[in-house]
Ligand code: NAD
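A single chain, nothing else alongside it, follows as structure tokens in the form predicted alone.
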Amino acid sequence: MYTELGLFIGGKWTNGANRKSEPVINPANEKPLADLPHASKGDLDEAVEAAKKGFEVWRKTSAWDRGRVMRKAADLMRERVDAIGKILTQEQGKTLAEAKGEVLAAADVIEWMGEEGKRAYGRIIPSRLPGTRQMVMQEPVGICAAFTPWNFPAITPARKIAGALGAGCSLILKASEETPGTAVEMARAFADAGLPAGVLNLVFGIPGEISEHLIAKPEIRKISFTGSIPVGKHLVKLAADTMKRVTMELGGHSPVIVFDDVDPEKTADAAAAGKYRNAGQVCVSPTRFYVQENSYNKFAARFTEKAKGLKLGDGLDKDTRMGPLANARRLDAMNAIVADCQSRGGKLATGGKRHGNQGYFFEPTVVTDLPDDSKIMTQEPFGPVAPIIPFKTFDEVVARANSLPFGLAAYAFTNNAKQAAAIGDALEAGMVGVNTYAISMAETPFGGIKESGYGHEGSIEGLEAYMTKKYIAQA
């Protein structure tokens, strides 16, 4: 049911012969799925040379023809969604329904950006000098390198692949070594769609070694990274040495503000569904729940009821509603968070411990009565632990929601139109959902502020991130 893994360089697949490798582990049972070959420095240099050749072909390919190839790749992913979804679930753990939904969303991103490449418009600036034409042209930035994490093995690579290829760039993608099969299948879809050799290259290995080697290459003119804030800051420093353009999509800690003019139980149903999606391993996951006092008890009780009712299990089981965490590190992190909550006087409404003794399962957890300076209120949990805290006034909760150095996503729920506008304006985040958790689509910009990074993926901003502007004055 899994897939054959390999490196994809210059349009050719390379297996693990005479290369270092590592096992890919199924987080539901801790059993190995396959061995993943690592790229050597020679492989990386070959990928750069392949990307140079690919770029020369792709940049001269019309936006219409680029769009056709990208749409074909997206269609192949849709045709193969059942197979790719099973691969994704086996290596990452999320439910099969979530995995298939992610693959389809990734296909949408690829198709949308292929279409948007046709609209990479320049402009004419009226000249003050007779006989002079002033033009602004959009051009692909060049060879790009992208680095993606394990929590969304399809959608995160898709955003980077789609932006780069839609703009006319070539790309070297280092996808996560823990969830490589999905990226391998995406690369196969592009190859089968007729993408010229070298336009998309896929490598794996020790993350720090690969990023440092590729970012030092002067041929690479843009990098895009999704991951933790410390690693993002390190890569920005590396990129500065050769003045590479950078897109950083880093961590978050999304506040959810629930005002007392909404139905607390209906709002809790949506909140629990959003929180426990992918076991909370989502960068825009709702993670700090502030509920106005009059609604607090009903909201907390209903949210806890929903958490208790979630069936844990292998994501391939149709009855499973929450799969395992992706790796053993997340189990350790959840245990540390719960221990800190308890040491700070927090009350466990449900959960709080590992589920079973095989697989990386952790119970859906709800914690109440926490101070604002506790670990879970100040650090991104990235797991199925939800703190629920009461608040009194608008100004108070805005100050608490904006108090952290993160600014990726934020959410608020109110039936008051004036209050909805006010909270949308007041929250400091790159993406704000008012009465909705649906903030990530192919046609909308995805990105954060403050230490959550800068730059955007998706929408026209995601295309422009891979383009440069050239001004031409012609007399």
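All figures in this text were calculated on a predicted structure; none of them were measured in a lab. Heads up: residue numbers just count along the shown sequence, starting at 1.
Heads up, the form predicted in complex with nicotinamide-adenine-dinucleotide isn't pictured, but that's what we're talking about next.
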Worksheet item: Each of 150, 231 and 329 near nicotinamide-adenine-dinucleotide in the predicted bound form, meaning some heavy atom within 4.5 Å?
Response: yes
Worksheet item: Here the chain is shown alone; which of 98, 380, 185, 111 has a heavy atom within 4.5 Å of nicotinamide-adenine-dinucleotide in the predicted bound form?
Response: 380
Practice prompt. With nicotinamide-adenine-dinucleotide left out of view, choose which of 218, 122, 208, 405 has a non-hydrogen atom within 4.5 angstroms of it in the predicted bound form.
Written response: 208
Discussion item. Although the partner isn't part of this model, could you tell me whether residue 174 comes within 4.5 Å of nicotinamide-adenine-dinucleotide in the predicted bound form, counting any heavy atom of the residue?
Written reply: yes
Fill in: nicotinamide-adenine-dinucleotide contact at residue 226 in the predicted bound form, heavy atom, 4.5 Å
yes
Discussion item. Within 4.5 Å, heavy atoms only: does residue 249 come near nicotinamide-adenine-dinucleotide in the predicted bound form?
Written reply: yes
Worksheet item: If you check in the predicted bound form, is residue 397 within 4.5 Å of nicotinamide-adenine-dinucleotide, heavy atoms only?
Response: no
Response to the item:
Only one of 313-321, 208-216, 87-95, 292-300 sits within 4.5 Å of nicotinamide-adenine-dinucleotide in the predicted bound form by heavy atom distance, namely 208-216
